[in-house]
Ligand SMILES: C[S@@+](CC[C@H](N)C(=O)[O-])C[C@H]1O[C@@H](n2cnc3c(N)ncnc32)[C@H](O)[C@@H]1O
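What follows is a single chain, given as structure tokens, in the form predicted on its own.
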């Protein structure tokens, strides 16, 4: 595939040249999304909003309804009380809307945080977050990197899907890694034979395109090293591994978003649109377990939000708000495609009890009904 002829950022062309003319797709995706000054999340475009007329490219759950953040806050409150932490950390806070909802809801529940910490690589989004969170300016802090120790409830909404992925392509029975090269006035894909493989064998000899999520798994591994007390909840679109690498999913899950339209052409209009991939939640869960975290649960967004009281009092809401609630939980909207996975930092072990495995001693509210951990 060749890109549509358009001005290409000099930094990107320089990165391709420095990679001997072939830039692995994950490195290209990192540039396209996060390169200072011109990457999609670094540029000063609106990104998040309900309609394309606002200049936005896509909508996330917090923009649809404040009840999303209120439901999540109930889970956060339970986790704070169960683990004794007094901080919330949000990774990739977007427009700051979710942080607004959580802070306001926790106050309504009588919980005052010591800190609400945001880790976000985008300077332009940080500025929007500061404006949105001005009423909580004394409590909210922004960090660029992780400390050695976190004691908090960690949250991330649509965090993993924006992390760069490697593309693997099976052609004529041989696996290749997909990279990006210069071509005429634009860019093109070029595939090179690789020893890398998907996490699961894919039956058949047909051509097959898929992703592997080294960066997302690396993030979970790093979080496990620093999360000494607390819990973590991540909400994103994706599947367990058996569905992710289904033989019929031969075109992969990579998608681009611009002006509320989706396409599968990441080499076009580089830096001007979002590039995302669905999440392999089995890989996320296994990585967390291997690194010492305990899986609290895994379920659909619909089950999680309903468990956390999303529909409590919904009958008294105006019709327009009830419509938005349905978008969050309907199977054909966000309710089934989006999943939630929860982790807990290992509870301290009792040295005198060799049978103690350091398991959490509490059950997370959001997974009380419809837990699908057995499908991972």
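Positions refer to the first chain, counted from 1. All values reported here derive from a predicted model rather than from experimental measurement.
The following text describes the form predicted together with this ligand, which does not appear among the structures shown.
**Student:** For the interface check, one of 242 to 250, 258 to 266, 297 to 305, 122 to 130 should have non-hydrogen atoms within 4.5 Å of this ligand in the predicted complex; which one?
**Tutor:** In short, 122 to 130.
**Student:** Identify, from the list 159, 77, 202, 209, the residue with a heavy atom within 4.5 Å of this ligand in the predicted complex.
**Tutor:** When this ligand is considered in the predicted complex, the option within 4.5 Å is 159.
**Student:** Using heavy atoms and a 4.5 Å limit, would one call residue 38 a contact residue for this ligand in the predicted complex?
**Tutor:** Residue 38: no, not in contact with this ligand in the predicted complex.
**Student:** Are any of the heavy atoms in residue 92 no more than 4.5 Å from a heavy atom of this ligand in the predicted complex?
**Tutor:** Within the cut-off, so yes.
**Student:** Is there any non-hydrogen atom of residue 342 lying within 4.5 Å of this ligand in the predicted complex?
**Tutor:** No - in the predicted complex, heavy atoms of residue 342 and this ligand never come within 4.5 Å of each other.
**Student:** My question is simply whether residue 62 lines the interface with this ligand in the predicted complex - judged by any non-hydrogen atom within 4.5 Å.
**Tutor:** Yes.
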